[in-house]
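Just the one chain here, laid out as structure tokens, in the form predicted on its own.
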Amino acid sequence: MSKKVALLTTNFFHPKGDRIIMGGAERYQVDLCRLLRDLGYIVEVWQIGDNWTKEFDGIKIRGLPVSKTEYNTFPELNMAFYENSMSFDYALYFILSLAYPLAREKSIGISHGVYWDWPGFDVANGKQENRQEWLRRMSIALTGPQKLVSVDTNTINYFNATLPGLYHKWEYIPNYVDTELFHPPEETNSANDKIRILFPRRMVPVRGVNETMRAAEILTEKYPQLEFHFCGRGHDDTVEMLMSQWADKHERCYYYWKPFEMMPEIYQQADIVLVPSRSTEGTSLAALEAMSCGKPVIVGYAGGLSNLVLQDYNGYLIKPTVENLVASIEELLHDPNKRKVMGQRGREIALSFDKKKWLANWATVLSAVFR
């Protein structure tokens, strides 16, 4: 008989069940569920929702009608999941804090990067004792699962320094890219073509979209050969409408989003790719996909991006201000050979993060815990 795995997350579908924002974490969840299914497990997902049951990619996703948060943890969601998944053999906590206060005996917690570096985190937590309570709860969440998987070394270093004694639980499994699907284009743009700058991210402030929009306004006025392409979803229809309105007002600025299967071509048509995250970042799928397509990247020094980009080797690690974005883009704009060399180096680095290695690493951890 096949063993059953229950996965707990906060949102895959919108809590009302009417919308998916297919970002990096959601794609990771889909690929992890596919791996579990390929290994012979039966998988179901629980999340915040209005008591509905939906299906995506053959996986049942169930909504639990609890949404209360305390100190950036979800104790009611955790308890509802614990009770509803009792018939399952194993559990995956897709966000570390979801393992508080109770974790199933044979379970794994996952970190997709530090999120408490978000500028509003301390404001939301208020007093210092609230921050201490959050950290106390995190120590309980990390203690419960048998293994803790992190997509970057930043998270591991933080907790090794802040909550020592859990070193033996941590496994570093960085994010991944299908290097056969995401590959350099057969032909590159000629010197007379437009230079395309791509921002392939969610349209949210922590991803640096506001700074990038301002940089686009400045640079498209200065350089008639430049185009800026913003490709990604917003959290709601209003954000996407505002992005479309902004793009319509600025020459050679474009906003759209494409399904995943079209993204290799989007990267291949770009000359420079921006991943200027300010916070809440792991080993970015977007950065890896751009590198795998042989593109130089300009990234913020947040989260696990320093696991992927070496300064002035395959891209730039910057503090993502408008001024820094403008300066970095201009430097690459004026040096086509540097763009080419950085792109070639990025492709070489991306091969070390091939999806086959990710699948093998996860299969090893699953076999160690789910026995």
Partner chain sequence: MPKLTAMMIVRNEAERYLQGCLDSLVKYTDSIVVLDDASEDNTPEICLTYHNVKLFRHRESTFLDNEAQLRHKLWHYTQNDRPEWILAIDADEFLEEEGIKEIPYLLKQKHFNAVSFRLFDCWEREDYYRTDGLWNPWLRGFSIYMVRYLPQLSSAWPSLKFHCGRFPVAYRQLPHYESSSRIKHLGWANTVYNRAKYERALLQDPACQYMSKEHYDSILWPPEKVKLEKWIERSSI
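Residue numbers count along the first chain shown, from 1. On a predicted model such as this, the values are computed, not experimentally measured, just so you know.
Not on display, but discussed next: the form predicted together with its partner chain.
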item	value
Sole residue of 70, 331, 55, 323 within 4.5 Å of its partner chain in the predicted complex, by heavy atom	55
Proximity to its partner chain in the predicted complex, single hit among 241, 135, 79, 86 (heavy atom within 4.5 Å)	241
Per-stretch contact check against its partner chain in the predicted complex, the hit in 177 to 185, 243 to 251, 98 to 106, 112 to 120 (non-hydrogen atom, 4.5 angstroms)	243 to 251
Within 4.5 Å of its partner chain in the predicted complex, all of 201, 310 and 319 (non-hydrogen atom)	no
4.5 Å heavy atom contact, residue 13 and its partner chain in the predicted complex	yes
Proximity of residue 269 to its partner chain in the predicted complex, heavy atoms at 4.5 Å	yes
In the predicted complex, residue 278 touching its partner chain (heavy atom, 4.5 Å)	no
Contact of residue 147 with its partner chain in the predicted complex (heavy atom, 4.5 Å)	no
Residues from 242 to 262 in contact with its partner chain (non-hydrogen atom within 4.5 Å) in the predicted complex	244, 245, 248, 254, 255, 256, 257, 258, 259, 261, 262
